[in-house]
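Only one chain is included here, represented as structure tokens and corresponding to the form predicted on its own.
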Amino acid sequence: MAVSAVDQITSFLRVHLGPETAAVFLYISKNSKSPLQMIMQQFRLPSEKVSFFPAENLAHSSSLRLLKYFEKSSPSLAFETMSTNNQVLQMVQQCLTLLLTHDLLILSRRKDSAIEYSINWAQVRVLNRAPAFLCLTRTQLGHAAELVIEELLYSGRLGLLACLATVAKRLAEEDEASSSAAAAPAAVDPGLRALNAFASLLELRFIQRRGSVVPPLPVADNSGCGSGGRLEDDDEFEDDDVIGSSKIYRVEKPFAPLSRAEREAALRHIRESLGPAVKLSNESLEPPAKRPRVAAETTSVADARRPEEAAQEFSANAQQLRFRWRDSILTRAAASVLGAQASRVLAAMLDIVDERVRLGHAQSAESEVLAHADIVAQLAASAAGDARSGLDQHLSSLAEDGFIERQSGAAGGQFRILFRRAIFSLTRQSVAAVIRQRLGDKAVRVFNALSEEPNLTQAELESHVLIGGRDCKELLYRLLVDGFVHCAELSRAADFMNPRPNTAYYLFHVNLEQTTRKLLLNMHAYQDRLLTRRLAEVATNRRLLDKRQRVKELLKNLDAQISAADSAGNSDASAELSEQRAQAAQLLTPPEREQLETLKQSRTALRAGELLLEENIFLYELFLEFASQHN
């Protein structure tokens, strides 16, 4: 895992969950699965201190070793203010619970029944890619769905009521701000918009049901002091395991649709949290889409009160987000090469594959066979117009460019999406773009020639790319130095152990996997630099940003007072407040406004660069994943 990823997630935890939780994560990432006996000898704790923590205790093996780390490395943390070891261990339990809520820890049980912790690096990448996932969700499902995903990504796991109440409150604030700016009011109330977005995300498997992580009990309680949190997909833990004194229920149907009872409870909770402004109706309790195909998946009002149902929470489905991001990359690549219509055809085929995956089919390097009639039906359902016009031509173009493959010509043809070949092609194009930026177009011609026909000598390469011997030799040297091209030496002399330059063949080839790994490391370094620069610019202009925030809050209060004065019919007070508002608006001088605008443009450009780098990193990781499966 790159250092930049660890730094980003540590900063995220420090801001959202506190410095103690960030320290727990950082220590476990560096010291995973330490022997418990050695830790006890280092602390020299008496046996009666350890007797409070049985082998099933969640925080047993990590709490003791974390205590020494906090005493040495983190004097400013809250752990140093604790007077007893039990209080420190209780705080450690709370931090571990927060990390488990975000799925950042993997639990494993040793032979002596002790529980150990290690970092879930896949989830670290998910949190680092949160901005890209939010942009993807906003593009495909709208702003309300983006807010739901944002709450779940940054909160780990949330209950249905808490998530919808927060999203509805944010939507109501945005509607109020837009109405004050003389914009048209929203046609649908924020509570219903949040609920419909949540139901759509659950139907498309962007989110899933999870078992809740129970907070730890007080250490002084002899009935148990462990947290009930664990990862449900850990096969070493059974359904009836009791960790501490809390029982965790496995979610049997993580993608079950929202029942009517859940919708009623959610809308009722939103109405209570937002006030009587939210209007509810019986027609809004069910979505306009079709009802679930399986009636057994819906829960009744009585079933919703069962303990295992009450313990359910929701989290973002990282796997589905990755698949959707991959599909978005493929459709945008098809649009840039073949046009919007071909991209629409590919998107329809990807929707069919996604629907089949939701029904239980497995994801692989190649999709299942898609019939021509299914593609036509999907196009007709997704867009208006004649679905058959130009379809065969677009399918042929996609097949020529390696996105799909024609299996047979019966009944209009059967097709298969080639994910591996498409990702390989996009990765090679990305590497070629890097070469073009560094070395020019001639170097790209050399790279493409070696990619198509490997193991060429310099003379053969010169005839292929039509470049002079001197220029070709210089380009080969620079490509070799940068790691884009590799050379193999083949001796033609009898003494092949000690070859001479004039008695050996030098064959040039491209090892795309090795080149991609090197570029991946460079991109992690570039991402770290962009993050450091963005944070440095914010720190440099912190005083000006705080001043703008204070002015904004002052103007907001004055606007509220002006509205109250106008409602009361007090024109004199309203005029005086308006004059005060005009004076407050001038607190930011023109040079300061210009500096803020420059800072905004710089931060926008840096964030766009980070998103582009993250997309290239994701593309290279997909390529390496497919390459390892192919090998």
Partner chain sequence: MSTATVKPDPGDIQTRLLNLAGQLPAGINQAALRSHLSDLPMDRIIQCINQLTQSGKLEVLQTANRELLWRLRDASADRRLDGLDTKEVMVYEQLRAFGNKGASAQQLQSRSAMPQREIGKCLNSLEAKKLVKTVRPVGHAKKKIFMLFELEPDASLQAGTFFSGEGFDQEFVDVLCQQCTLYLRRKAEAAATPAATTSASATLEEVQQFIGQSRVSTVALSLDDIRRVLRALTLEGVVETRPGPYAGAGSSCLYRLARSQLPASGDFGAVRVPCVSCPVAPDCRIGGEISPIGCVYLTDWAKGQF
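Positions refer to the first chain, counted from 1. The model shown is predicted, which means the values in this text are computed figures rather than measured ones.
Same protein, other form: the form predicted together with its partner chain, not shown, and the subject of what follows.
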| item | value |
| --- | --- |
| 4.5 Å heavy atom contact, Gln393 to its partner chain in the model of the complex | yes |
| Its partner chain contact in the model of the complex: Glu553, any heavy atom under 4.5 Å | no |
| Thr21: touches its partner chain in the model of the complex, heavy atom cutoff 4.5 angstroms | no |
| Contact flag, Val465 vs its partner chain in the model of the complex, heavy atom cut 4.5 Å | yes |
| One stretch from 555-563, 156-164, 445-453, 170-178 that, in the model of the complex, holds residues within 4.5 Å of its partner chain by heavy atom | 445-453 |
| Ile106, Leu127, Ile329, Leu479 - the one with a heavy atom within 4.5 Å of its partner chain in the model of the complex | Ile329 |
| Glu272, Asp441, Asp546, Glu489 - the one with a heavy atom within 4.5 Å of its partner chain in the model of the complex | Asp441 |
| Site test, Val337, Asp401 and Arg529 vs its partner chain in the model of the complex, non-hydrogen atom cutoff 4.5 Å | yes |
| Within 4.5 Å of its partner chain in the model of the complex: residues from 604-623 (heavy atom criterion) | Ala605, Leu606, Gly609, Leu612, Leu613, Glu615, Asn616, Leu619 |
